[in-house]
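Coming up is one lone chain in structure tokens, specifically the form predicted alone.
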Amino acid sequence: MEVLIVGSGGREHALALSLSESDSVNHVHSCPGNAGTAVSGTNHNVDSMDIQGIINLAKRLDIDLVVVGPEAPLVAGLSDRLLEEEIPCFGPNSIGAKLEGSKLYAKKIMQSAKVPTAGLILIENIDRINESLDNYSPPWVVKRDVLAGGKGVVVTSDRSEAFNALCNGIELDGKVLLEEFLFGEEASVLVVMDESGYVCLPASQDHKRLLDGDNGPNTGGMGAYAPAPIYTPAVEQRTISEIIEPMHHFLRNQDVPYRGCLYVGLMIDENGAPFVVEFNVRFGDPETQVTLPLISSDLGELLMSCAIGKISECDYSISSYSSATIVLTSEGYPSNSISGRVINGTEIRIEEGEISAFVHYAGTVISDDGTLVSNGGRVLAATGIAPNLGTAVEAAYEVIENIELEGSYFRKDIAHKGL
């Protein structure tokens, strides 16, 4: 197959790496891609939101499968347009993508399907804020009902901060969501799903906070590891029966069935009961970087089977290894990232028996003189794979500690809960 990946982050480089190693794939194209996808295949200067440009590119390259990384093009209808052109797409249509595009829509679906999730109050009037805050004990969870690039959620025990966040949401969007806080430990499950069936990939755990000890501001993700020990066989069984099965039943029965990744963000309470924190409609970042290396079968076949509604006919296998990834960020991230700085040391790679470690590129570009420079907040990640989690983490840190980028930062405690 000729495969086209849409997007430019670490997730897209992880997809490009795994697809380039698939026997079913001839060549990997990316738009717009990054410094890593340029090595794994060919980059094309088409923006991920330029839907007509992507259609034109797919036709010109005679693409057999389009794999959409980010959520915004899916919400904007990229998959719908590809379907019209009879080009298989891994990623749901715009109605399916509303599960991420609108948190209120996702809540209504969960309530109708009796999927366990947090309580919710929709607020459309500033006068209702104080009485709504009284309904839940702190900490309060405030969510905007729009795509906000991972920055639309405020979690706080400070009533004035919660009040201001709710006011801000109403002023920006005309409505805002106040959600009950869920206590427990988080995990993420990536489910490759179509109308014929689904495949649950190994559960991972992300680290959202910027600083060690899960302190500091929320980010797009500072690292992840898989499989997550919190996701025990008992938790897995409950997640499948109480969440994934009801959602699959709903999504397979839509006029246009869901075909793509359903990202299930879980909170697992002290009794092992899973609750949905959020749904995303694509692979996560950095969860993809630790999940895809654990798929030991052909990724191209898996994604293509899903894109044409035949995943139930696809054979797949999962490795028993563990993986960990550690994100390196630019100075100033997540508020004001500084770009354009030279990066050195990324060529380091570990291959020692059953242990491997390497770099996943994200916010990076190759300058005109051939130098690797930073181009975003999350610049790259070092990923380690090994027979056990401790060794995978050590290998990833060995790689990242050799990378030089002025002002950069990475957490020193990735996978501390798993370890």
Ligand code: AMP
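Quick note: we count residues from 1 along the sequence shown, nothing fancier. As the structure is a computational prediction, the values presented were derived from the model and not from experiment.
Not on display, but discussed next: the form predicted in complex with the named molecule.
> Exactly one stretch in 276 to 284, 300 to 308, 254 to 262, 108 to 116 has heavy atoms within 4.5 Å of the named molecule in the predicted bound form; which is it?
Looking at the other structure, the answer is 276 to 284.
> Whether Ile129, Asp145 and Asp173 jointly form a contact site for the named molecule in the predicted bound form is the question; each needs a heavy atom within 4.5 Å.
No, the candidate spot makes no contact with the named molecule.
> Is there a non-hydrogen atom of Lys103 within 4.5 angstroms of a non-hydrogen atom of the named molecule in the predicted bound form?
Contact check for Lys103: yes, within 4.5 Å of the named molecule in the predicted bound form.
> Within a 4.5 Å heavy atom cut-off, is Glu179 in contact with the named molecule in the predicted bound form?
Residue-level check for Glu179: yes, a contact with the named molecule.
> Asn218 versus the named molecule, in the predicted bound form: is there a non-hydrogen atom within 4.5 Å?
Yes, Asn218 sits close enough to the named molecule in the predicted bound form that at least one of its heavy atoms falls within 4.5 Å.
> How about Met267: is it within 4.5 Å of the named molecule in the predicted bound form, going by heavy atoms?
Result yes; Met267 sits at the interface with the named molecule in the predicted bound form.
> Please pick, from Val155, Cys200, Ala72, Leu210, the one residue with any non-hydrogen atom lying within 4.5 angstroms of the named molecule in the predicted bound form.
It is Val155.
> Between Leu133, Ala165, Ile87, Val141, only one gets a heavy atom within 4.5 angstroms of the named molecule in the predicted bound form; which residue is that?
That would be Val141.
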